[in-house]
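Only one chain is shown below, in structure tokens, and it's the form predicted on its own.
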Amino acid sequence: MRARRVIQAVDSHTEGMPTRVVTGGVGVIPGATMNDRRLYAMEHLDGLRGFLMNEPRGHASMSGALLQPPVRDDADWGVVFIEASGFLPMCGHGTIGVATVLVETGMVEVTEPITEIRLDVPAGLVVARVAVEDGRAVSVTIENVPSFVDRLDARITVEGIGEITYSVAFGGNFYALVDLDEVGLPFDRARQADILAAGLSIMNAINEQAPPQHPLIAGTNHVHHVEFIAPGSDAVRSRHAMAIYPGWFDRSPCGTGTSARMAELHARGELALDTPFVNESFIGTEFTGRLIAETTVGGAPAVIPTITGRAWITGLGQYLLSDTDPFPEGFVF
């Protein structure tokens, strides 16, 4: 067996959503900060992302994380998040997957009942507190980066749909939050193709007409997620379908999307600090969120969210590239 590229990884899933945690074969990505490394990877390592995320080694809904040495002195590991849609500033389900892998493979010193791991990610410092029983990670609570509302109850005209009301909030990535009733569709996986098409149209409209811009994180200037809120959702329990560019749904309840949703509910005066909030995915899995503090981002009001969820290791892999493989960067079908 001869290969010109060999990548080591531990595969996992977080409440149904995969995270391929890359542990070897990449090397240190250049950059003075983890976001600099993300921006460098976007320009120079997109082929590596495609190799790991796209078919035939991945699939259209694949997600992953490149483990790196941290840049910050107060972090244990650095992470650059990858997925089928590109390189993310932050990924909540991915962080839960990374923390689970680090504990269960012994890549961090494990203490019971809680192992704390400090992660340097492009969006900032994220603290993962892993509940450990008999050496096994049973759940992970992440303290996420500051989350905030960019706009609330804005109006926009969407091709093929018409004028809708939407909000945009940041929870590690920017999310458009739209009541599913706005597009006249039911919360039903039998209608997922229609929901996805509506989500992509809304993303295009926002990014063309009124793209968001994070005041502190360079290259964070678009919406690639539309969180369609199901009827009957409130500040105690919410259900959603998370449509993601370029055309798939999050299987997990989405950690950064849950953070964005809590920031929106807090801005409306509906979700107080230290109050549990359950967010349910399109496949029925759940994260429990909580806002633990108020803060500011670029002078604007923000909140500090925590998210609790579970992940499981699903496999150990070495991903190979032969000299004669016609798809060195995978392919999108």
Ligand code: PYC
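In this text, residue numbers run from 1 along the sequence as written. Being a predicted model, the structure only gives us computed values, none of them experimental.
What comes next is about the form predicted in complex with the named molecule, which is not displayed.
None of C91, A260, V79, V140 but one reaches within 4.5 angstroms of the named molecule in the predicted bound form through a heavy atom, and that residue is C91. Residues V168, A176 and H222 are none of them found to lie within 4.5 Å of the named molecule in the predicted bound form, as judged by heavy atom distances.
Heavy atoms within 4.5 Å of the named molecule in the predicted bound form belong, among the stretches 160-168, 113-121, 209-217, 249-257, to residues of 249-257. For the chain shown alone, E227 is not a contact residue for the named molecule in the predicted bound form, no non-hydrogen atom being within 4.5 angstroms. M203 falls outside the set of residues with a heavy atom inside 4.5 Å of the named molecule in the predicted bound form. Interface membership of I244, defined by any non-hydrogen atom within 4.5 Å of the named molecule in the predicted bound form, is confirmed. Heavy atoms closer than or equal to 4.5 Å to the named molecule in the predicted bound form belong, across 53-86, to one residue only: E83.
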